[in-house]
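Encoded as structure tokens, the following chain is the form predicted on its own, with no partner shown.
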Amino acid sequence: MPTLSDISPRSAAWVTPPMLVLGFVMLSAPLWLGAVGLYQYLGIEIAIWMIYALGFNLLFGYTGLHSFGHGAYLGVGGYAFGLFQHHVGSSLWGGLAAAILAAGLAGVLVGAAVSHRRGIYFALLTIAFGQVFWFSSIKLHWLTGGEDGLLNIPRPPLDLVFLEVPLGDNLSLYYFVVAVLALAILALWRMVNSPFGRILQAIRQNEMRAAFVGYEVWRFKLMAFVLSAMFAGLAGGLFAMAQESAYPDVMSLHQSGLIVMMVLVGGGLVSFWGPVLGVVLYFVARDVLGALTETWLLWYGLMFMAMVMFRPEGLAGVLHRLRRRPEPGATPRPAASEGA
């Protein structure tokens, strides 16, 4: 099975063909979404969850840390954005900064407690902390609105100093979210193809060997955790603005499990682009299967089980195998050239 370590030296380029393809699809989506029976808001959801999934994969796929309570940071970002709009002022940049910083602070607090743990102990602690955040969001009614959520969150305009662009309609908000997605992809792409990203992959492969080489493993795990939480907070802030509300449901264990399923099905363990494929598959399955049956999640779960059992490399891994399959009569490449 190919791994995230199988990255060609050319992958360090600033712009790659998959980026151009994704950019074309996302920019043209408003022109054809309606024609295929989908709707405008779906594009906003997909773009936001791509940011969330790609940031999560920095921790899950590249560092090998199984966080099953990551919805907490999505929720923290959403509440921080809403509280900023209600109590500080109507500001897009201020609200998104608050979302990123609040989620990053939560990531620091949790990461400091779990970064010295490995394996199942790390995973269980992330679940426990995630449940603490979810329970707190329900019980702190005076702050979060409890189970009713934080309502009437405005969509502040995009202030570009000399130009103010309203984001009240879904089309303008969609293109803004796509622009944020592009910046997030560039930042994460450079990050994972930097020495920092290589260290994270070394930790994923063998923490003990990475420590023997001289790296402070817990510190890099903490950095990956905080960065992943900050991207989740950014996605949470955008999600709260899109929904014009923030709810505790996104912090539940069920919602935290969804992002894990998306990344695994998409192939986040073997490709940077796996989370993108997983998010698209989930939302298309939700809307297409959901239109046919109320038990669509059952069928999605069965598909997830089949993928894990028979194609654990996910969609990205399947595409990788098809692309690398030698033509009939061609001489197979030696195994050592897998990452070339």
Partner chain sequence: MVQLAPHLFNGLTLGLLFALIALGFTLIVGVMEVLNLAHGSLFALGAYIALTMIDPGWAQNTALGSFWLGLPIAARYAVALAFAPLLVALAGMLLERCLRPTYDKAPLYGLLLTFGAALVIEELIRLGWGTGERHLPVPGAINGAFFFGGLIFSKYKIFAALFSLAAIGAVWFFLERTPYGAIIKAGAHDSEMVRALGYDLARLRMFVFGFGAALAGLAGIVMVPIWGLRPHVGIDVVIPAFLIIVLGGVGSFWGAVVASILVGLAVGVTGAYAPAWSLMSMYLLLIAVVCYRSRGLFGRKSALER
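Computed from a predicted model, the values in this text were never measured in an experiment. Residue numbers count along the first chain shown, from 1.
One more form of this protein exists, namely the form predicted together with the partner chain; it is left out here, but the text below deals with it.
Listed residue that, although the partner chain is not shown, lies within 4.5 Å of it in the predicted complex (heavy atoms), from L125, A98, V178, L222: Exactly one residue meets the criterion: L125.
Contact residue in the predicted complex, from M261, A106, L92, L173 (heavy atom within 4.5 Å of the partner chain): Looking at M261, A106, L92, L173 one by one, just M261 meets the 4.5 Å heavy-atom criterion.
One stretch from 263-271, 98-106, 78-86, 233-241 that, in the predicted complex, holds residues within 4.5 Å of the partner chain by heavy atom: Selected stretch: 263-271.
Heavy atom of I120 within 4.5 Å of the partner chain in the predicted complex: Result yes; I120 sits at the interface with the partner chain in the predicted complex.
Any non-hydrogen atom of L143 within 4.5 angstroms of the partner chain in the predicted complex: Although the partner chain is absent here, L143 would stay clear of it in the predicted complex, with no heavy atoms inside 4.5 Å.
Any non-hydrogen atom of F60 within 4.5 angstroms of the partner chain in the predicted complex: Judged by the heavy-atom cut-off of 4.5 Å, F60 is in contact with the partner chain in the predicted complex.
Proximity of T295 to the partner chain in the predicted complex, heavy atoms at 4.5 Å: Output for T295 is yes: heavy atoms within 4.5 Å of the partner chain.
The partner chain in the predicted complex reached by all of A113, S136 and P312, non-hydrogen atom within 4.5 Å: Yes: each residue has a heavy atom within 4.5 Å of the partner.
Contacts with the partner chain in the predicted complex - residues in 25-50 whose heavy atoms fall within 4.5 Å: Heavy-atom contacts within 4.5 Å come from no residue here.
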